[in-house]
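In structure tokens, one chain follows: the form predicted alone.
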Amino acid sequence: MKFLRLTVLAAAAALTTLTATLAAAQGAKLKVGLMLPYTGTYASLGNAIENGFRLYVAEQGGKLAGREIEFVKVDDESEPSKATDNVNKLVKRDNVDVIVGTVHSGVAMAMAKVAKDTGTLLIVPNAGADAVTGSMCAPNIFRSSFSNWQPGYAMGEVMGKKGIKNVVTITWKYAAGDESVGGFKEAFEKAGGKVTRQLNLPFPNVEFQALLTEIAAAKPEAVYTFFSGGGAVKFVKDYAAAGLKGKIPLYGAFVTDGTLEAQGADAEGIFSTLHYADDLNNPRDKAFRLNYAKTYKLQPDVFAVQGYDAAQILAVGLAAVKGDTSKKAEFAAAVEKARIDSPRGAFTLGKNHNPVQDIYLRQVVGKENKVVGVAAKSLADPGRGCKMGG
């Protein structure tokens, strides 16, 4: 009976591979499942990622490796408790060939688990959860953005070099916040600095007043923060309203991305570290920004770049396997060797499938995150716990 069951399973697996091969050969549509936040705190981020992804596909004439793209969308609502059901809908009900998502690290962790269990291709266009390219890493999981550790670590080095010794950190109490602060602390303490307090509040709570009072009383030399989306807007405005702007310099990651319009003058002067900025001035970025603005009547941000590069990673892998997504090992090998020609500057993927990339130091000037310099050159995530066994 056991032998029969194994034979049936083997036959089913062979049939699946044959179906995928035939689909690729016949140029059947490639189903891309977009699992992104389309409502709530991160809605604007989800839309920017989708815009960037679609822009790259459009630039290739609507096809990748000869296969037309069919999009299936799910609003993940940045809600980890719904994540497993949502991703299973895409994999089991919609039979997508690849999943692209998401923003929230907690949701991405559930997606990575399902991708790992089912072997479905997953490209993460934002969520920085360290474990995605750490303990959860797998040959079929790729990231086009960053690990939470990367911008945090780079800023720790920057502030250490500035001679800052005493810092308070503030973020949401969830994976992204914890890991961003963890990366910062690792580099900052290595440079001789001390984090005197680590303040946080539950995601997506934006009642900052009590914590801002605590910062004012502690009088640190500087504050390191990680917030994004609507929370970042409110935090920066509340920080200024509490009279802290100009007294205690604010440094962070993501706090001024996709949010400057809403933050207005309150964001002026904030330093941040990230793998993209508004005035990189390289030819690739200029062309990307122009095309994005023409297509969407909007200026692109880091989220749009990450969506665009998720499509580039998919295109590289698909070209190598002639559109046949069942050839996972060949797909991975091609992506691992590739140099992705990104608007952020070219990057490669490390053994853990996380970008090895320059992290820029930026400062808010008017409505832009202007480049001050490179905070960390070709910074690779350590990929702690990653065993690429499949």
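The first residue of the sequence shown is number 1, and the count goes up from there. The structure displayed is predicted, hence computed values, not measured ones.
A second form of this protein, the form predicted in complex with a small molecule, is not displayed here; the remarks below concern that form.
> From the list V103, L122, V132, V87, which entry has a heavy atom within 4.5 Å of the small molecule in the predicted complex?
Replying inline: After the contact test, the surviving option is V103.
>> Only one of Y153, F226, F142, Y308 gets a heavy atom within 4.5 Å of the small molecule in the predicted complex. Which one?
In response: Only one listed residue qualifies here, and that residue is F226.
> Just to confirm, A176 within 4.5 Å of the small molecule in the predicted complex by heavy atoms?
Replying inline: Within the cut-off, so yes.
> Is F254 close enough to touch the small molecule in the predicted complex, meaning at least one heavy atom pair within 4.5 Å?
Replying inline: Result yes; F254 sits at the interface with the small molecule in the predicted complex.
> According to a 4.5 angstroms non-hydrogen atom cut-off, is S272 in contact with the small molecule in the predicted complex?
Replying inline: Outside the cut-off, so no.
> Is there any non-hydrogen atom of L45 lying within 4.5 Å of the small molecule in the predicted complex?
Replying inline: Although the small molecule is absent here, L45 would touch it in the predicted complex, with heavy atoms inside 4.5 Å.
>> Using a 4.5 Å heavy atom cut-off, which of 291-299, 157-165, 123-131, 87-95 contacts the small molecule in the predicted complex?
In response: Only one stretch qualifies here: 123-131.
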